[in-house]
Structure formats: structure tokens, C-alpha cells
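Presented below, as C-alpha cells, is a lone chain in the form predicted alone.
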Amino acid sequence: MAQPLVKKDDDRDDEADYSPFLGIEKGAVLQEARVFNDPQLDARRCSQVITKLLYLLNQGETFTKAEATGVFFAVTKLFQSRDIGLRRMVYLMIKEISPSADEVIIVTSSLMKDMNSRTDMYRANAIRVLCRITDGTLLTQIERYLKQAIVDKNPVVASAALVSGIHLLQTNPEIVKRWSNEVQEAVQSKAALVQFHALGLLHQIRQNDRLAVSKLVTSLTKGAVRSPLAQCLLIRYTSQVIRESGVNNQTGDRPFYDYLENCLRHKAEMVIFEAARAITELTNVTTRELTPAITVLQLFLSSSKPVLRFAAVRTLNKVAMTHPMAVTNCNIDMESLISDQNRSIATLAITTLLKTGNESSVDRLMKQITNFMSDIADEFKIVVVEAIRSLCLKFPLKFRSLMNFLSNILREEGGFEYKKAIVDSIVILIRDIPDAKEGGLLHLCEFIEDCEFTYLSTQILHFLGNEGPKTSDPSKYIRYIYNRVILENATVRASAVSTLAKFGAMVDSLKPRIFVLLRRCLFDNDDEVRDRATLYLNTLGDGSVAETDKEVKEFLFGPLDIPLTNMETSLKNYIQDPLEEPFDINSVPKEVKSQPLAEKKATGKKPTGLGAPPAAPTSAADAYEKLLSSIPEFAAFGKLFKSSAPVELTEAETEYAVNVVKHIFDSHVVFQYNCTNTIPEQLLENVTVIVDASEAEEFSEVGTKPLRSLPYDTPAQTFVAFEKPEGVPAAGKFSNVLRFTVKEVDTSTGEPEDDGVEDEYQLEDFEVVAADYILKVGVSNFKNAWESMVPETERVDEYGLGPRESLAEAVNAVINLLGMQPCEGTEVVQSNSRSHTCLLSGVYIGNVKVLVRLSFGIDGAKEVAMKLAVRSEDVIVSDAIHEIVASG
């Protein structure tokens, strides 16, 4: 039996911890289940045992096949009881235990009998259970009953049938789709839940037919829906139709917007809120469209119900990100919510006010926040900190008061994520507001004097090493840095040594003093600290006041443009299979993401592997290079620069699945065709791809590697190589025909016939484009990388991109055209934004680093203009990037 918790005292709060199921064991409960076999059934006792079994199942307890079968057969005997409560527990147990196909037949007749019972409760539950455990064969037998149940006068029965239909749609869609007429009739039901479930099922039946969904919304928005729940569903479906249809170009109106506006005057609060939220989330919503929604949300702010206040302020918080001026009318109401007992509401109110407030209200808000911060949890404090950071970037003249606030809360108690959010905010403000640099660095220096988080200390020291030497008086930071060498753990000490060395390398006047401190570090008890100090002392010169060589600075503190995971993999491979020549860092692949090793082929087929290498390499780049170097015809092409993602050349579910990977070398391109034969009765031999390069004039074919045999469902490759001008991003279009000898295969023996027939199979065309010659290589700090490039290599020009649906579409188009790596999350464009800056980095063929800064703007007619600035290690490459954009 279950044992109650021992109570420590008489406090009533402890009673909440009592559980009647505490300590129950599966074995004991299975023993109790024998009561199901008693000649005189005790309905109450049986219900208690089923409850315990259900509890065990829901707690994740697993039953063996024998145990589950035993319980199932015992439960089926309870159908002889006429107790309604016990019968409902039996239904639940059968659903949860999920009997196997050979066991289902035992209860099918009982459930079908209950489905036609005069007791509505039996009927509804029997329908739910039967649809849960049945297969397609039985479903066709009971389909007639289910159709009748959908239009049943009893709402409980109708809802049960409709919900079962929603579940069955996932497994037997062709059967459920035949119920459309009955479901459409149920949509007109006066019962709220029936209408809600019917509308949900009807939409799921038609969801893949945009025209049908549009017609459904058109018919129902005329007033046929009375249920508030169904009305909320309809609003969501209406929003979907609005998104897909867009704005009428002639009138400027949105279809169905009037319906959403009318819903704002509905008597049910859930419908009003759903409509208001739908309006605020419309694409490119205008201030005129927003106004009625903002008005009703403002009314909700003063509601007595916390859930309405929370819903309203959360929605307004999202609107404030894109339309802050539209929310300013609600500021007075939101200020009263700062003292709301619900801290979630108060946090959202304060962060919304920070987004919508003007410069004159900043100081007043900061006073209110100071009192407010001590009452909320760290997760809410982080939201406030991020809002303050945005406010400071919006009003840079107020940086002093906002920076002081951040430094004050930085010294208070708090967890790692909270402190990290504050430090990140201060770092961003230092980078974006030049006047905030020295004060911000001092705040960070004071923080690391008493920082308990090693990660934050090392991050601040690294940042201090980058920014400190550029200030007017770098020497004032040395004390704080050296204190870390004396007082901190080994990880922080090592970081502090590197920071000291940066000051010595960048500030020549400080070098003698830095050398004294670094020599003291040679006696540290940690290897890493001593090794770093030794490295810096031996590379920074003799300690005299002299300028440090640029090459030394680049070697010690320059950005590493190679992903660390790739570096680790290459070093491991070198150690496992050492060569006579020393390790070359230029041999490390630079792709940010390694493509999947298994080649993707047509949807619905098994993936094609590379096949040739005996052991699976650690990345696709390594695998491709090893594969190509093992083929004598291509071994002399040199080092592989880049391999593209697979490009599909066949439709899904066709006889042969073929995709191509483009391998780019300095003066060659190799096309790897991954082929799969999907016909069991055929064997393909002498498989080649005939490539027509008439639309690629700069390419000339220099070799092929045919595929001897292609059995059923065994992926393999054939190759075609082309020569192109060295170091030039030649582009062109290639037509392809798969040519092979087909032999019939006896599927019983697997033996092919001796004679074969020559055949061909037309493949899709593909192109080699400029993006194929640029590697996606990210940089950790774009600003530093940009400034480290020689300004003379910069090329700037402006381009008109024509009309576009949105700014995001234009940004993605240029990113795809150039094939470069977006940096610092700048590929994400805020909805309804009128301007955007995107930062890209990469390596151009010939291993030339290149950085791109794109500035976009869009006007009322959706015409997009773009300013393109390029810096690279070679001015010719900067010009080439502009040529790619101009011709794209």
C-alpha cells in the first residue's frame, strides 16, 4: 500500500506534498489487478487499481509484453460491469495500454456494441478508444457509424467523432477526407465544442489546397461561426490566408482585414485578443491598421484579470520592436503596471516603456527600474538589461546614466547568465558609442576585481586587451590586469598574461614595464601561464621602447580564420598518419560547416554515400579530397578549394536518382555525379554522363571516369573533369544525359542477363556560378577584421535591386549570389524594417580573404537600393565582387 509522507509539523503547506501514489510498486499493483477476475466485481476497488496502473504508465513505467497482455485481458473482463465510472476507466486503460493487432479483436465487438449503445457516454468513449486502437481494415467497417456520430445530436458524441477524425487524419487520410460533407454540416452546429472541433478537422482536410482554404474562410467569415473557440481558430486561418494573398496593389486593402477589425468588437475576450494579436502580426502592417488593435489592447491593460493584462502587455511589447510610436499612447497605462503584483507583467511593462519612451523620460524610467530590479528573478532582469542596451543605442547621449545603472547592477548579486547579459551590453555600448569606451572599460575592470565567474573574467580580459591600448591612457588598466595574475585561478592568469602582452605589443612606451611583469610570470606554478609568458617574451623583442613588428602582432594576436574543429581534426589526422614534411596550417579546410558525408539524393530514397574511401572521414571536405586524390586522372589537379552542396538532377520517385557535387580546383572543375538505380529488375553497366558545355565557353572537358556497374539501390559515382582559366571564377550552364547499358535481372536469383541494351536518361541542367568560387568562412569580430584590411583595397558602389516583396528577400538574394558567410547574425532582417546592414566574409579562390559590408534601403514603392563596400587582401578580388553583383 502507498505510504503517506511523514509530516514535519502541522503547517498546512506540507499537506500539498502528500500523494496517495507515493511508493507504489509495479509488482504489487499487478498483484492487485487480480481483482478484475473476481466473480463478484467490486467497481470501486477495480477503479482504484486501474488508477494506479494509469499512474505507473504516465510516470514512464514500462510493462513487458507478457505483463501488458495479462493486464489487457484482465481489463476486458470488466466490460461485464454496468458501473458507468468503471466503464470509463476501462476505456482509458485500453487506450493507454495500446494492445497489439492480434489482441485488438478481443475488445472490438464490445466497443462496437458500446458505440451503438443508448448511453451517450458509452458511445463517445467507445468511438475514441476504437479509433485509437484500430487499423485501416476495421476503420472501413465502422466508417458509416463514425459519419453518423459526426452529425449526432449529442455534442459529446459528435466531438468524440471529430477529435478521432483529427487523429486518424495522420494515419488514414484518404478515409477521413471522405467525411467532408458531414464535417461541414457539423461546422454549423450550435454546440461550441462541436463547431470548434469540426472547423479544426475541416481545415486539416483542406490545408494543402490554398484555394479550398480561402473559400472556407470566405464562407465562414460572413457570420456562421458562433463558438468563441471556433472564432479564434477562424481568425488564425484568416491570418494565414491574408499572409498568402498579400495586399491588393490597386486599392491597397487587405482581404478579410474588415473581418479581423469586426472581431475586435466581439463579446468574448479571447476572440478580441486573438483578433488584435492577428492584426499586429500582419506582414508590413501600417499604423492605420494597427490603431484599432492597439486601442483594445490598451483597454486590456487596465483589466482586473491578470491573464488579460499579461496578454496585452506581451503583445504590445512585440509591437514596440517594430512600431514603437504606435504604442506610445499606452505608456501611461503601462507605467501603472510597473508596480503590478505579477512580476512577469511588470517586467514586460518596463521593457516596453524602454522601447517606446523618449529621451526626456529616460531618467524617470531609470529611477523606477532601480527600485524594481531587486524584486524580480534573474531571467526577467536579463530582459530588462537587453531593453536598456537597446535604449542606450537609441539615445546615445544618455549613455552615462544608463552605463552607471548597468555598472551598479553588475556589482549586485546575480547568476552567471544575468551577469553575462550585463557584460555583453557594456561591451556593445563601448563598441558602438566611442565616448563610452573609457568609462565602460573601467566599470569592467572594477567588476573583474571581484568576479566569481572564470568565463566572464577571461572574456573581459580579452576585450580589454583589444580596446585598452587604443585609449588615451592605457597604463591605468595595467594594475587591474596584473592583479588577476596574482589573485586568480590558472585559466584567468593565462588570459591576463595574454592581455598584458597585447598592451606591450600595441603601446611601445609600456613595453619595458610589461616585460618586468611578464618575467615574474615565468615562476608561475601553471604550465600554460609560464608557456605564454615565455612565448611573449621571446617574440615581442628585447623589452626596449621600440615598435613591435607587424608580422609578430599578426602572429600573436591576429584572428584565426580557421574553425577550431577543423584544426583539431587535421592535427589528429597528422598525428595518426605523420608525414615527413611538417604540418602546414594552410592544409586545414576553412568551411564553417562541413557538409554531410552521405550525399543527399532524391527525396524518399536512401542517402548515397561517397563509397570510395574504406573508412569514413571526419568531414565532407576531407572525404572529398581523399576520394578525388585517389583517382589518378584527378590527382594532378592540386589542392581542392571547395566542394558544393549536392544539386538534384532528377525528380523524386523517378527510375534513377542523380545529384551532382561541384569540386572547384584552381584551374579545373570536377563534377561528381552520385547515381542510384531504383529499379530492382535492372542492372546498369558502363554508366557515364555526357555533358554538353556549349553554354560554358570557358570550360573544356579533359577527362571522365565511368562507372562499371550500378546494381539496384547501391549508390555509386561517375566523374567528369573540365579545365578552366586559372584563378578565374568562370561561370556556365551544363546540360547532362545519363548514358548506360541496361540488363534485366532475375529478381529470384539476382543474376543479370548476358545481353544488354544501350539507353539514355535526360537529366536536369545545372550551372557553375560565382558563389561556387567563394568559401564561407566567418570571422569572430567583423569590425576588427575590417579595420585590419588595407583601406586602399576598399571598393564602394551603389546598386538598384528593383522592386522586392521585402527587404529580407533582397538581403537573402545578395547573400545567395555571393555565397559568403553572414557575420554576427546580420542575415536576419527585422520585419517591417526600412533599412538594414549585412556583414559577409569569405575566402575567394586563390585563398584571398574578402569582407563585404552591405547597406540596404527600401522605399514606399518597395524599390530596394544597396550600397556595397568590399575590402580584401587583393584589390582585384574587390573589383571581382562588384562585377559579380553588377552581372547578377
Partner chain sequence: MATFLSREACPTIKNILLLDSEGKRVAVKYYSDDWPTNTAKLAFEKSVFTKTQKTNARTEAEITMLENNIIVYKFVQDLHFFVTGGDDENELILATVLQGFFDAVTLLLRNNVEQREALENLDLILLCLDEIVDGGIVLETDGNVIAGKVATHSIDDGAPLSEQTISQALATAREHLTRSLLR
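Residue numbers count along the first chain shown, from 1. Keep in mind it's a predicted model, so treat the numbers as computed, not measured.
Unshown form predicted together with its partner chain; subsequent notes refer to it.
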Quiz item: Of the options Ile105, Ala813, Leu393, Val307, which one has a non-hydrogen atom that comes within 4.5 Å of its partner chain in the predicted bound form?
Solution: Val307
Quiz item: Here the chain is shown alone; which of Thr793, Gln240, Ser214, Ser110 has a heavy atom within 4.5 Å of its partner chain in the predicted bound form?
Solution: Gln240
Quiz item: Looking at 709-717, 487-495, 114-122, 567-575, which lies within 4.5 angstroms of its partner chain in the predicted bound form, counting heavy atoms?
Solution: 114-122
Quiz item: Has each of Asp83, His197 and Glu274 got a heavy atom lying within 4.5 angstroms of its partner chain in the predicted bound form?
Solution: yes
Practice problem: Verify the contact flag for Arg236: yes if a non-hydrogen atom of it lies within 4.5 Å of a non-hydrogen atom of its partner chain in the predicted bound form, no if not. | Solution: yes
Self-check item: Residue contact check: Leu30 to its partner chain in the predicted bound form, 4.5 Å heavy atom
Solution: no
Quiz item: Using heavy atoms and a 4.5 Å limit, would one call Thr322 a contact residue for its partner chain in the predicted bound form?
Solution: no
Practice problem: Answer with yes or no whether Glu289 is in contact with its partner chain in the predicted bound form, where contact means some heavy atom within 4.5 Å. | Solution: no
Self-check item: Stretch 42-68: residues contacting its partner chain in the predicted bound form, 4.5 Å heavy atom cut-off
Solution: Arg44, Ser47, Thr51, Leu54, Tyr55, Asn58, Gln59, Gly60
